[in-house]
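Only one chain comes next, encoded as structure tokens, the form predicted alone.
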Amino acid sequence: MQASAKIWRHFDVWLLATVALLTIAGVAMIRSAIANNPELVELNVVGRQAIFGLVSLVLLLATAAIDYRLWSALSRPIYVFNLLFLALIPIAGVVGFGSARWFQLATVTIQPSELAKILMIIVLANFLARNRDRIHELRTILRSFALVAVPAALILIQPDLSTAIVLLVIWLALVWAAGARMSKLAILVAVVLLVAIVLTPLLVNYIVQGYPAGEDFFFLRNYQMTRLVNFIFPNPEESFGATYNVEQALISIGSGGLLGQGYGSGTQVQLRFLKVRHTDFIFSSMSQEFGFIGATIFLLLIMFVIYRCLRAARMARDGFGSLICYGVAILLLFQASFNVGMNLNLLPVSGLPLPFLSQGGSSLLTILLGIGLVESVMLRHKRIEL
């Protein structure tokens, strides 16, 4: 009992407070974004997000209370569960937005690919920590790549290219953090570039032909190709076409100015010119209502969370705990950077949510479970003195 009490002295209150603040802000932003959308209001989107937020915060504390080293011992069952969960999607998954990515459990919708992010961080951290002495061997790197390639492939066929890329980014970051030589990683990068060189002429021909409706390009579905092509070759003459959402996002961000138009008063948001404003383009909604200063504050809060994760990684007692924290940090950093870049038309449109703020119960649950793991590492970063 005394040992348990001493452990909680190291709980990162600043991390929890910032995460709770961002979660509450996310619910408030979603409420503003869908205020004039009767369909979404009727579906109780805000209430569902708030419930997911409360449940996720409770699970965060529960995860922190569990010794993170337990997950190392359960790494193999976790990996098998992850594969089975993803493999069931084509059989029993719910189709939405052209993809089968969700399970419907009573009134709750779960997205296994979101949960796969945090599960693969645990699996990869365990493998790399156990093989740290052999991390310079190409065989070890390839084995770690094989671990992530299987779930990434299962996610890719849903199709969900953006989440598959997230898993690969997490793998690359963790292998580097584990101490792999860049020369070894360069070999794999060279293979990817070679594949890209081979596919580029075919892609150009596909674009020249006008990416015919209904036709896919290898593992990319037609709608994904449309997004990519319109990002590379936008058509300025389209007033309500494939580039409409990005154009409205830029208008929303620009019209916010320095201080914004006020909460619930953004014209592009409230008049519903900006589509998917509560999910993919929540950053644009936030920028119009709170301006450059407000949006910057939100991003700084996310960066503060990432900093606390990196701090926990440096203070961890072992390689497994350190790699878990690095994995959560890179997950937050990559998703936040990509989402903001997409809103600014610097990157192609994808379904990657803005951590803590975008609507999505599975995404919020995954992120907060990751924060719970970081807190667990922090709680146990020092030996207990009885």
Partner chain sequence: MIHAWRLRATIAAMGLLLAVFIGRLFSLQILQGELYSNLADDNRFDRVSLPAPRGVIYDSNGSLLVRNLPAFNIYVTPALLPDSEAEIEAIYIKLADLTGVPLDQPGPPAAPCVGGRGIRQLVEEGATNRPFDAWPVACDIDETTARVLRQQQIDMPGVSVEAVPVREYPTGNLTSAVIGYLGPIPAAQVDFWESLGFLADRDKVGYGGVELNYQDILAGQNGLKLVEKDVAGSLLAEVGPGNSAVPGNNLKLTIDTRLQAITASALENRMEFLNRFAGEVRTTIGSVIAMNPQTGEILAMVSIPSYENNRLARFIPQYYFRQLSEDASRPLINHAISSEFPPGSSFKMVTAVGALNEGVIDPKQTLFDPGQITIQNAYFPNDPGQAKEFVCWKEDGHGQVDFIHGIAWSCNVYFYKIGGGFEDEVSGKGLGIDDLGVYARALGYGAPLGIDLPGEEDGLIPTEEWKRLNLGESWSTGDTYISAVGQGFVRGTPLQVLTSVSTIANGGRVMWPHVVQEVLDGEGNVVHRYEPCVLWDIADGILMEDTSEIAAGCDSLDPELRENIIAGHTVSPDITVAPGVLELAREGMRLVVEDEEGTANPYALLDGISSGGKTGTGEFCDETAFSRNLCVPGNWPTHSWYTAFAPYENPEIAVVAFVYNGGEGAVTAGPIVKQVIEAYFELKAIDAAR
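Residue numbers count along the first chain shown, from 1. Owing to the predicted nature of the structure, the values given are computational and were not obtained by experimental measurement.
The next section is about a form of this same protein that is not shown, the form predicted together with the partner chain.
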item: All of 296, 303 and 316 within 4.5 Å of the partner chain in the predicted complex, heavy atom check; value: yes
item: Contacting member of 165, 188, 276, 250, with respect to the partner chain in the predicted complex [4.5 Å, heavy atom]; value: 250
item: Sole residue of 77, 262, 254, 90 within 4.5 Å of the partner chain in the predicted complex, by heavy atom; value: 254
item: Candidate stretches 53-61, 357-365, 343-351, 24-32 - the one whose heavy atoms come within 4.5 Å of the partner chain in the predicted complex; value: 343-351
item: 4.5 angstroms heavy atom contact with the partner chain in the predicted complex for residue 333; value: yes
item: Close approach of residue 310 to the partner chain in the predicted complex, 4.5 Å, heavy atom; value: yes
item: Touches the partner chain in the predicted complex: residue 85 (any heavy atom, 4.5 Å); value: no
item: Interface membership of residue 113, the partner chain in the predicted complex, 4.5 Å heavy atom rule; value: no
item: Those residues of 261-286 which, in the predicted complex, come within 4.5 Å of the partner chain by heavy atom; value: 267, 268, 271, 272, 273, 275, 283
